[in-house]
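One chain follows as structure tokens, the form predicted on its own.
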Amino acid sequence: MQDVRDALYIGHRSDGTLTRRPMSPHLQVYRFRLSMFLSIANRAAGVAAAAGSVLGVCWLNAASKGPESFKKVQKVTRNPLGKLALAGWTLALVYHFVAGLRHLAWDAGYRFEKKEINEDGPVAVGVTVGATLVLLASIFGVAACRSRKKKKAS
């Protein structure tokens, strides 16, 4: 042992032999689980939701400036890349909301056992995907109806 602290990292295996413990848990120690991914995804969704909200404020600002400014923004949101960005923002908002509800339940003392957390993960993903698809269908469905009405009126 080079240092006194090294003694803290010495442990015994089940067969009695000595082994050196890791200094801290590492990814190699754990099997990657859905709950781990969902925890990371919740943080990423929070960042994406915040970034999308900034773009939403820019959209509202353009709407308040007048029709010319709003037309420019509408060009971007009607572009396939713009629609993809809106879909991603919607997904991030919905998932962050659903994950927030899970955390709220945990804070209240519900569904906090390991088995229940592992059962709720796929449910959270399913609710997120379902709610996002319903929202996107209603958003893009309304937009498609409006564009058809405009073409008929022309």
Partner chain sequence: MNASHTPRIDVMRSQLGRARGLGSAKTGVDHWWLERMSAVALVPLSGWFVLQVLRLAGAEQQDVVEWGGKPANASMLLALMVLTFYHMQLGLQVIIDDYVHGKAHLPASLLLKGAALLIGLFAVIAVLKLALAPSTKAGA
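None of these values were measured; they are calculated from a predicted model. Definition used throughout: the rigid core is the maximal C-alpha set that superposes within 1.5 Å between two forms. Numbering follows the first chain given and starts at 1.
Another form, the form predicted together with its partner chain, is not on view; read the next lines as being about it.
Contact with its partner chain in the predicted complex, defined as a heavy atom within 4.5 Å, is made by none of L34, V76 and K152. In the predicted complex, L133 stays away from its partner chain, with no heavy atom inside 4.5 Å.
By the criterion of a heavy atom within 4.5 Å, D107 is counted among the residues contacting its partner chain in the predicted complex. Using a 4.5 angstroms limit between non-hydrogen atoms, G66 touches its partner chain in the predicted complex.
Contact check for V123: every heavy atom lies farther than 4.5 Å from its partner chain in the predicted complex. Residues of 111-139 placing a heavy atom within 4.5 Å of its partner chain in the predicted complex, in sequence order: L135, S138, I139.
Once the cores line up, the CA of G130 ends up less than 2 angstroms apart between this form and the one not shown.
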